[in-house]
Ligand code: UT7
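Quick setup: one chain, the form predicted alone, written in structure tokens, and binding and motion questions come after.
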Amino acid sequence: MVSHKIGYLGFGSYTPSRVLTNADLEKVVDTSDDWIQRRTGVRTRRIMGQDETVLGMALKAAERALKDASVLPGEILDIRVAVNTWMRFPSLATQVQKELGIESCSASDVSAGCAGFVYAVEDAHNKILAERALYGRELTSLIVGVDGLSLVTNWKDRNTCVLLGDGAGAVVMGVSKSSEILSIHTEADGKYGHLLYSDDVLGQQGKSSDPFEFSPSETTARPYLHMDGKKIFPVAVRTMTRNIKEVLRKHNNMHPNKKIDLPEIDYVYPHQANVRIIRAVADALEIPIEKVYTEGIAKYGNTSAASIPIGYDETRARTEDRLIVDVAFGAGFASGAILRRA
């Protein structure tokens, strides 16, 4: 009997070898190892070297995921890349396609802040379903979450620089005999956009009052990331808590005879933003912290769209044949959750 489950077929991740410790940051900004660990949970983070790029990280994670899934690049028919630090075109997804040597497939970037990976999985999942239902075609997708937050970090701003790191994670998704995406929920609340944003990278063309007179913009400002952590914290906790409940509700509405309740969840992969946010969400839902991934924030800091798939690769041994929830929250405020069986 042919399986019609859609799930993950393989994982892969990449983090730079360059380690930036809290002690290193003490030398460049007014902070301390004790303060950083108490307030954020971060001990170290990985930073791209001079010869590394966002594309390079995405490619390495993608190659490792393909190898893990025993899938050849030519079998990929759809690529989704969740990224917030690829500030150019063509899209990063098409450049990953080029480097992998894939002749023809759909490819696009997804920008949803730190929740980008969840959105990218949703997009790929929905495309796989649509291609099957409308055209009778089975797709295998490559989904990458990658960010080089060191590129948009003001290293004199201690409120943000202590948190951020670089990295990439990837999954291959398609017809699966065991793993399965059970439900996905995404949402956004744009009225909070001013609490977490980067500077305008484009600016305006010229300063003439004539609307048809153009000249190159002279701005050279880096698009630094800005964040109001105190105001974000309670919204992040409420939103991630709601997202987890909502993704379960969606599944249970569709499968009233196979309901899944919170105590049945074996493991949770939250976006690695801040350990205090993660603990507050776990407490709100009465989920033991032992069932929640937290190692990423300590080892890699906040790697944005990459943090959840990096976690997959780090902890796969403890999540085989388990019920999993992934949950993320980021700029926008875009957020979402995935309910799946690993």
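Numbers for residues come from their place in the sequence shown, where the first is 1. Everything quoted here is computed from the prediction, not taken from an experiment.
Below: the form predicted together with the named molecule, not depicted.
Original post:
Can we say W35, L163 and A236 each have a non-hydrogen atom within 4.5 Å of the named molecule in the model of the complex?
Top reply: Yes: each residue has a heavy atom within 4.5 Å of the partner.
Original post:
Hey, in the model of the complex, does M227 get a heavy atom within 4.5 angstroms of the named molecule?
Top reply: Yes, M227 lies within 4.5 Å of the named molecule in the model of the complex.
**OP:** Give a yes or no for Y14: in the model of the complex, does one of its heavy atoms lie within 4.5 Å of a heavy atom belonging to the named molecule?
**Re:** Looking in the model of the complex, residue contacts with the named molecule do not include Y14, since no heavy atom lies within 4.5 Å.
Original post:
Is there any non-hydrogen atom of I244 lying within 4.5 Å of the named molecule in the model of the complex?
Top reply: I244: no, not in contact with the named molecule in the model of the complex.
Original post:
Though only this chain appears here, would V110 touch the named molecule in the model of the complex if you measure heavy atom gaps against 4.5 Å?
Top reply: No.
Original post:
Among 120-128, 97-105, 183-191, 265-273, which stretch sits within 4.5 Å of the named molecule in the model of the complex, heavy atoms only?
Top reply: Of the stretches listed, the one contacting the partner is 265-273.
Original post:
in the model of the complex, which of the listed residues (S91, S198, S179, N159) lies with a heavy atom within 4.5 Å of the named molecule?
Top reply: By the 4.5 Å criterion, the partner-contacting residue is N159.
Subject >> Contacting member of E290, E295, E286, D30, with respect to the named molecule in the model of the complex [4.5 Å, heavy atom] >> reply: Here the answer is residue option D30.
Original post:
Within 294-327, which residues have a heavy atom closer than or equal to 4.5 Å from the named molecule in the model of the complex?
Top reply: If the 4.5 Å heavy-atom criterion is applied to the named molecule in the model of the complex, 294-327 yields only N302.
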